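Below you'll find only one chain, the form predicted alone, shown as structure tokens.
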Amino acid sequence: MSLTIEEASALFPWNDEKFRADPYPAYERARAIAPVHRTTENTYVVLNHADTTHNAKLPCMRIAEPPSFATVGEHPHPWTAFDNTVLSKDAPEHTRMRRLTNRWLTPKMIGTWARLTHDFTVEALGRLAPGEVVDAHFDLGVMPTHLTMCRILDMPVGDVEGMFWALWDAMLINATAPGEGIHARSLAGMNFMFAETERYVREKQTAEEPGNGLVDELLAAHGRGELTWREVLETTVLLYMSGGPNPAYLIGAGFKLFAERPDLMAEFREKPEIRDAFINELARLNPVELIITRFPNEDIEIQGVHIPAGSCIKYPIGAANRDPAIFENPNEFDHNRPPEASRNLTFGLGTHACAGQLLARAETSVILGLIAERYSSVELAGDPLEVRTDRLVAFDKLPVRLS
């Protein structure tokens, strides 16, 4: 069925609060009409899991927005601040930058970092009085994972809450229709993150003795002329700001699930062998980044729809992760799905798949494991509060009582 651009655009009310809170029925309605929709002159939305996994990682798919999308006279996009990182680079530059972190994220190193997350979480739980309400999002999600990233980088803890919300503000500009004032807000968030991070990196650079973290390795490479200062700084900001927020949403979703499904919490406690599949299913239903975008540098065709080079293709991760062609009863939590039916795209795909996903999965498993083993129940002590755009979701508050 062929729709006009106006009809197709109406299927995806990106700024509507109801849609943002629960986009899945809209995705299903759109998919029932067609798997690919043209929603503006140069924007397409692809809904199926198979189409996403095949096309989003084609060599012709670029991650950086082409100059043709810039509006004459407008300020540069705030996220050009990351033009020298893996976020904006395609191969071969992407490969060169990705190698900077590889040895810090091997399975052996992940085990080391996960033990740190365990210890930080034990300390946080030890400070809780019996019956005390705790913000499971910030205190048990953001803090332990941020502290772990600080150890990896060998960076100070810094202003954790300030960094978290600065990142959120910076991300607002990536919504489909950001709205008035968002550019300035995004830029302010970006400037805060860079100023905080650069101050710490400069202190390390002038220290009498080098540290032993990832940042020290970047600085040493800079000293040898192998990395520019911008590459050092941008990569450090990227890692420093993302250590907590992304895994924290997955961890928060786990707390919420435990509260709603005590049977699943008991199974997580009693069957450690299911934990990897459990976390994978938790990730399938709770992606943090809700849409990925790609820009083909040559004409392609998806499901019979011709897409010209330079177009923007939106791949809603939530739509792919709940495609009934792959996932039976796609809206239900089922960690017993066979491997071929559990391949979710929450951590991206292809060369741009999240480099830290093994760490995020391990941290989530460690924290939820501690909760399941130490407590008999998780009780919501208030309504969880989420903040959402069409591109990103985070918990604001997640009050729980552990008993």
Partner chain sequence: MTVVHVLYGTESGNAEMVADDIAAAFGDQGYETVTAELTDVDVSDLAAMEIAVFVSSTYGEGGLPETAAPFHDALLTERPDLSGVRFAAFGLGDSIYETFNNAIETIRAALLELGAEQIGTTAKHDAASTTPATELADAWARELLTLMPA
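What you see is a predicted model, and the numbers here were worked out from it, not measured in a lab. Positions refer to the first chain, counted from 1.
The form predicted in complex with its partner chain exists for this protein as well; it is not shown, and the discussion that follows is about that form.
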Is every one of P13, N297 and H306 in contact with its partner chain in the model of the complex, taking contact as a heavy atom within 4.5 Å? no
Interface stretch in the model of the complex with its partner chain - options 31 to 39, 360 to 368, 373 to 381, 52 to 60, non-hydrogen atom within 4.5 Å: 52 to 60
Find the only residue in T95, Q205, T112, N331 having a heavy atom within 4.5 Å of its partner chain in the model of the complex. T95
Using heavy atoms only and a 4.5 Å cut-off, determine which of R224, H75, R99, R127 is in contact with its partner chain in the model of the complex. R99
So in the model of the complex, is its partner chain close enough to R103 to count as touching (4.5 Å, heavy atoms)? yes
Should P339 be classed as touching its partner chain in the model of the complex when contacts are defined as heavy atoms within 4.5 Å? yes
Just checking whether P107 would be counted as a contact of its partner chain in the model of the complex - the rule being heavy atoms within 4.5 angstroms. yes
Using a 4.5 Å cut-off on heavy atoms, which residues of 377 to 403 contact its partner chain in the model of the complex? none
